[in-house]
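Only one chain is given next, in structure tokens, and it is the form predicted on its own.
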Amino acid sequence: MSSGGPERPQLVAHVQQALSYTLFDCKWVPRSARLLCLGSAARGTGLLQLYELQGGRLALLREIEKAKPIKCGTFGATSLQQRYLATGDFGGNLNIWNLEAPEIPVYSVKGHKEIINSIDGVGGLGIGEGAPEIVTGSRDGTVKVWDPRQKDTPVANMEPVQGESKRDCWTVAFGNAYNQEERVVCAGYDNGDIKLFDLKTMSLRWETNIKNGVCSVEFDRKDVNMNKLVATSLEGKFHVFDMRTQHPTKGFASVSEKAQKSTIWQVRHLPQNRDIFMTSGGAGSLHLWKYEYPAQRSKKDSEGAEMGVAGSVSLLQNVTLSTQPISSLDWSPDKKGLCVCGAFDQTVRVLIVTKLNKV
């Protein structure tokens, strides 16, 4: 499949399944061999398909059609007992579904005026301290945090201040949920802005601009004291920020890498090793990376203020699977090296990444 020495991880295509609709997101169902595909049917409705990995094939267990195309989904705010799926759709609706009885959502709110581009959850699945919460980012320029136990109104709403132009929010992620009080949301926008919102103090903690639309942001772990953040962009570049040390004026130290010429649609950290992550690209490729920490992660500047020191990134392996962009990516939380990706060639692929314990 891809080059490299005998000890390097290999990206092996295990199963692929052609679909008859546009796939926007795919997710493993926790504690199972099942996965979900979310997307848009040709007639403009939303589709949710549940598959089970059975040996060398994907068996379709259930197909559910909804009024609006479904853009994104997360299990991050549910319990392992319930495994409810939260989705964002083209109509700006946030819905939570019981997959055993998916006819009517167990929670529903018209969260945004326009499409929900991105969704994340925390406080569920035993990951992250504190209440279960969902964050949504929309084309309407707002980022909203929801508590599924509270109907209709968000617990936080990050929107442009008076006079500031609204930007399309493409990606959102939770982090820093290491105790009952602390929690942050990171959001990336179409103009290259990255904003870090502190939900404890309800304030903007940090912002920067990476000069290209931000397609995907993810912390290496949601439930630890902020460690690293990866942000990917339109021009084939990604940035890794060391989130341990915030300098009063320079912010967080970072290293950037240009993986390819085309857009990097997604980044996903390996659940079992936070220093390994995969990026998916516009040219139908996957790249597997490892982050190496510097000898010292912080130093003092001339004024005596602590500033972070960025590490380096090395490419472990890459493979081209499609001629179309790979727009969604998810690692299995339970089986190390098992991942699923969806591309605009209307195909979902299950991959096995080998030798991850050797890197």
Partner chain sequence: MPVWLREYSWRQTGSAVYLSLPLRGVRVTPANIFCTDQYLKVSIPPFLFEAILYAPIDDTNSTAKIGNGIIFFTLYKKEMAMWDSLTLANANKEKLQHLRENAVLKAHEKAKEETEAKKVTKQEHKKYALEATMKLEEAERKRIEDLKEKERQKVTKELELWKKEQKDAEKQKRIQKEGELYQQLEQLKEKKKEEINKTRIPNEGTSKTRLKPTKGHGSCSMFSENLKEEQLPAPRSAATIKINFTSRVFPTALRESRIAEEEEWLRKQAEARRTVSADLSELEDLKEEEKNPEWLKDKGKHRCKMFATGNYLAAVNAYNLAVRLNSKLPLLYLNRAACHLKLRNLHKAIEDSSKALELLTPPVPDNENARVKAYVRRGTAFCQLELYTEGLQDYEAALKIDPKNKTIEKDAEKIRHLIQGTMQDY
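Numbering follows the first chain given and starts at 1. All of these numbers come straight from a predicted model, not from anything done at the bench.
The form predicted together with the partner chain is left out here; the points below concern that form.
Interface residue remark: L53 is counted as part of the site for the partner chain in the predicted bound form, having a heavy atom within 4.5 Å. P248 falls outside the set of residues with a heavy atom inside 4.5 Å of the partner chain in the predicted bound form.
Using a 4.5 angstroms limit between non-hydrogen atoms, L19 is distant from the partner chain in the predicted bound form. With a 4.5 Å cutoff on heavy atoms, Q82 counts as touching the partner chain in the predicted bound form.
Though the partner chain is absent from this view, in the predicted bound form it lies within 4.5 Å of a heavy atom of just one residue from K222, R167, H269, K237, which is R167. Of the candidate stretches 256-264, 108-116, 132-140, 273-281, only 132-140 contains residues with a heavy atom within 4.5 Å of the partner chain in the predicted bound form. If you check the partner chain in the predicted bound form, you find no heavy atom from any of N95, R297 and L321 within 4.5 Å.
If you take 332-359 and check each residue for a heavy atom within 4.5 Å of the partner chain in the predicted bound form, you get D334, K335, L338, I352, T354, K355, in sequence order.
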